[in-house]
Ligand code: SAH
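Only one chain comes next, encoded as structure tokens, the form predicted on its own.
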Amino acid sequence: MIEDAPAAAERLDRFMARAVAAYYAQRPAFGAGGDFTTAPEISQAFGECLGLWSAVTWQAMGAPDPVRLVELGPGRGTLMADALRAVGQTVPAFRAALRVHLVEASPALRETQARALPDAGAAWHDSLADVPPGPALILGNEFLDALPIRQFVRRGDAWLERWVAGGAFLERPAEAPPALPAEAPDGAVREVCEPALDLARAVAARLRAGGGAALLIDYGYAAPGFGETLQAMARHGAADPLAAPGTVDLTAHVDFAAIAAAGRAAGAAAHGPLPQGLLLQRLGLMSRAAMLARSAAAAGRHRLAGEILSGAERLVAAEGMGRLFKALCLCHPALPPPPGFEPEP
């Protein structure tokens, strides 16, 4: 629970920021024993594919040495561990050139990541701004969805803003609102994630100055619209997002069109968003999963082989995570389209 919750009403984004910080500081969140499972925990091929994506993009950058391999919100360190293993085995020159940087504010998760990456030589940072300058490859899987949102509700001919008080919403005149549609149906909800837009601008500015690319994967929508997506997860099921703040996983869907626009306005090229399933298939995730399954079956671990294949299918299938999750790449404008984002012939 949030111990110092204010007695008065609190704007939704401030409430969400405090609740998310308290949640990640107090309890494990990932895997079967937590509240949700992310793609790296479902299939090791996910992290391997992102590692090889980074290696090929590094080659397109001219193979700078050193290069920063940065992960935003590294969770338990699973993605980075799988990525480093894959590139160490297949692109050793990239493994030698990269320097691992992890953007993680939670001390508890930093300890977990350090145990998962004992030989990575990783450095930890509270924000991307703290990562030293230079060429960079930035990975962010299910990072944007936890950034705090504002919600605006159309009432008559005006937009009001949602605040939280006593476990319920209330509506007030908006404080310095962003640009909102002039026309909207009564009761329409528009969500804006200002920290995500700030991050896109910061990533773009860094890539424009030092070179590189960022791959951002999350659940969300490709075009802006109306609707409320604030949600909470507890023990792999839905929970009340306003009750018991700090004890549930609180997220919202990502507006990828807005992220891409902010990145382009700050000087980066933007590719996508693509459905996650399409990107992972182009990167060879299903082929890699089939190889892992064959190895498990050959060792007599037939149940594991089935789990490997079903996990990979979950990541790419439209009815699983393949359509809801999107992938967006921001990169230096001189770079060619990165792996998986090449235009259709």
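Keep in mind that what you see is a predicted model, and the values were worked out from it rather than measured. All residue numbers are counted from 1 along the displayed sequence.
Keep in mind that the form predicted in complex with the named molecule is not shown, yet the notes after this line are about it.
Stretch-level contact check against the named molecule in the model of the complex with heavy atoms at 4.5 Å: of 142-150, 156-164, 271-279, 258-266, the positive one is 142-150.
Not displayed here, the named molecule is approached by residue 75 to within 4.5 Å at the level of heavy atoms in the model of the complex. In the model of the complex, no heavy atom of residue 51 sits within 4.5 Å of the named molecule. In the model of the complex, at least one heavy atom of residue 105 sits within 4.5 Å of a heavy atom of the named molecule. Mapping the unseen interface onto this chain, residue 100 falls outside it, with no heavy atom inside 4.5 Å of the named molecule in the model of the complex. Checking 230, 131, 109, 84 for any heavy atom within 4.5 Å of the named molecule in the model of the complex turns up a single hit: 109. In the model of the complex, every residue of the candidate spot (20, 24 and 40) has a heavy atom lying within 4.5 Å of the named molecule.
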